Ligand SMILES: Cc1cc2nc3c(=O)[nH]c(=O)nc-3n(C[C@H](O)[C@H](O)[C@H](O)COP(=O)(O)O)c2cc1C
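Only one chain is included here, represented as structure tokens and corresponding to the form predicted on its own.
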């Protein structure tokens, strides 16, 4: 049976499916209904859903999008460009959290929105781990601090810093300066402060099979969806880059949260209810643009 069929009685012959299909599975027959290239569909269809989403008459039957898998867009709920721009300008990374748990239903909602991020050839490679256990969160913090301590020691080593200046002359001073920044984090650790997760009650880990092309890009696109949606829910979040980098150097973090082999952590988002609210947005650097 064909993967994709077109109902001849419903088809309006608008040829929208022909126009939008990235795999060129549909062929225009001018005044007649489009033809589906079954051999191409079986081999190259990425199940993006463009064809069923654009068909005005619901004439396309796709095996991967049966009843209940296609939902009309509620146009009245889509924010205007002004609303979207103001929201995106207002979002800030939050590192001050209330001592309050985040409901499981909200976390599931966040991940549900994250999964709609674009992904290379629609592979949807990103997987998720939600960490709420305070003991495990504290272990992640400790392991990340250990990573910063090792990096600080390396960057303070004269031989290593000299080598960096030779190999990466343009970025050398900036890289070496991280040694001093890491020292400040480690002093905070001595004072009992969490400068890694900032006592966030939730950490969502974004991971994927490292052998999959563009797995890292896919994961970070999903993370950004989650980041923006958190703000709309009244939650605060921030990207925990040190945790991600530490997990690449210390496999203990991956084992601690049960990341399966051959998967790799590509992103991590700390989430909680913010203790502070910002009522102003501030300027960023002007974009560097080259028009060609």
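Positions refer to the first chain, counted from 1. Predicted model only: the values in this text are computed from it and were never measured.
Just so you know, the form predicted together with the named molecule exists too; it's not on screen, but the next bit is about it.
In terms of contact with the named molecule in the model of the complex, the residue from 56, 241, 234, 260 that brings a heavy atom within 4.5 Å is 241. Scanning 83, 209, 93, 157 against the named molecule in the model of the complex with a 4.5 Å heavy atom cut-off leaves one residue, 93. Not one of 43, 65 and 116 places a heavy atom within 4.5 Å of the named molecule in the model of the complex.
Using a 4.5 angstroms threshold between heavy atoms, residue 198 counts as touching the named molecule in the model of the complex.
For the chain shown alone, residue 26 is not a contact residue for the named molecule in the model of the complex, no non-hydrogen atom being within 4.5 angstroms. The named molecule in the model of the complex comes within 4.5 Å of no heavy atom belonging to residue 277. Heavy atoms within 4.5 Å of the named molecule in the model of the complex are found in one stretch of 70-78, 93-101, 168-176, 128-136, which is 93-101. Contacts to the named molecule in the model of the complex (heavy atom within 4.5 Å) from stretch 271-285: 284 only.
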